[in-house]
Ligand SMILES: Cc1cc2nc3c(=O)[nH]c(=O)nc-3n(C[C@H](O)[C@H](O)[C@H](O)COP(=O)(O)O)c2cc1C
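The chain below stands alone, shown as structure tokens; this is the form predicted on its own.
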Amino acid sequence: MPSTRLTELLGIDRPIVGAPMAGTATAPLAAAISAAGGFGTIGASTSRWTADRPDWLRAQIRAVRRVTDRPFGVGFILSYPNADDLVAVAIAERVAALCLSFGDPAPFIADARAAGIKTLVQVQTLAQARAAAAAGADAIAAQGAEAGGHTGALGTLSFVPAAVDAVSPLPVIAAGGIADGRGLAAALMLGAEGVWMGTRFVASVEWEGEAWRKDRVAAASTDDTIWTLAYDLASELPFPDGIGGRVLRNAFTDAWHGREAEIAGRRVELQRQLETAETDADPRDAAVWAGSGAGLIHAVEPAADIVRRVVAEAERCLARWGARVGAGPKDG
């Protein structure tokens, strides 16, 4: 695949960024994606702050470096209370890039730049894209509502090219519902310089989550996800207004989606219910964060195989359509 401005910016071979899924995109997944020519990331943030979290992140960064010398990054949810301390660790360790989301990236960009570190800022609106560009971001990840986990409300197909127009000449990374080479090819045609994929890597050998969650993603169809506030409200997750979570439908979403006003009054009960579900690995209540691209995923595979196949599929798509365009209209 020809280089893009994203591959040139990050010093990588393939224009695929592994999403920094909080707590589950750890060193093995980041290293596997980067070693395969993409850009792996560690998801540093967690809603459960503990004093040893900076030490955990430092150990994760060094674990990646024991496996590969390829570039990789660390991702942060800026609305979480521990963001400052964790960003400081990543800067001190001189990772290749910070991936910043769900908050104001401006306070972190200057320090990253002074350390020679790139900043990839994930946004859900054009206003956020413009603000991140004005703050000095090196690339913008335009995240559509098809994404798994936490996301906004705009569709990927319309949001990505709008973001490309809004922040040119900064490179834009397309995110949301992209799980195969057709999605990568489409993103490039929309003007993006690469893709940001999370759900596809949930169904990977190296993803840190439980096997039953991987299997549920691999078995899901495109119809099986829902964008909901139910889990965030029940668990009091600190995400900004306008952000919800896309998960696989289950008994919990069937019972509580659309009943936001009632959740606050029963929060203690619901938190206990969700904690039990996690302990028991009960998919009827436990969240499986996944995007609509889950319907394109059919097996749990090594992350390196996923990277290579997505790029090869994209190359075939682009070559096939290039040949059709080159052939021109038929006479008669």
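Given the structure is predicted, the values throughout are model-derived calculations rather than measurements. Numbers follow the displayed sequence, beginning with 1.
Heads up, the form predicted in complex with the named molecule isn't pictured, but that's what we're talking about next.
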Only one of 251-259, 220-228, 195-203, 109-117 sits within 4.5 Å of the named molecule in the predicted complex by heavy atom distance, namely 195-203
| request: Indicate whether I12 is a 4.5 Å heavy atom neighbour of the named molecule in the predicted complex. | output: no
Fill in: Close approach of A19 to the named molecule in the predicted complex, 4.5 Å, heavy atom
yes
- Should I140 be counted as a contact of the named molecule in the predicted complex, where contact means heavy atoms within 4.5 Å? no
How about G149: is it within 4.5 Å of the named molecule in the predicted complex, going by heavy atoms? yes
Assess the spot marked by S34, G40 and L86: is the named molecule within 4.5 Å of a heavy atom from every one of these residues in the predicted complex?
no
In this chain shown alone, the residue from L98, A175, A129, L184 with a heavy atom within 4.5 Å of the named molecule in the predicted complex is A175
Residues in 116-142 that come within 4.5 Å of the named molecule in the predicted complex by at least one heavy atom, in order, are Q122
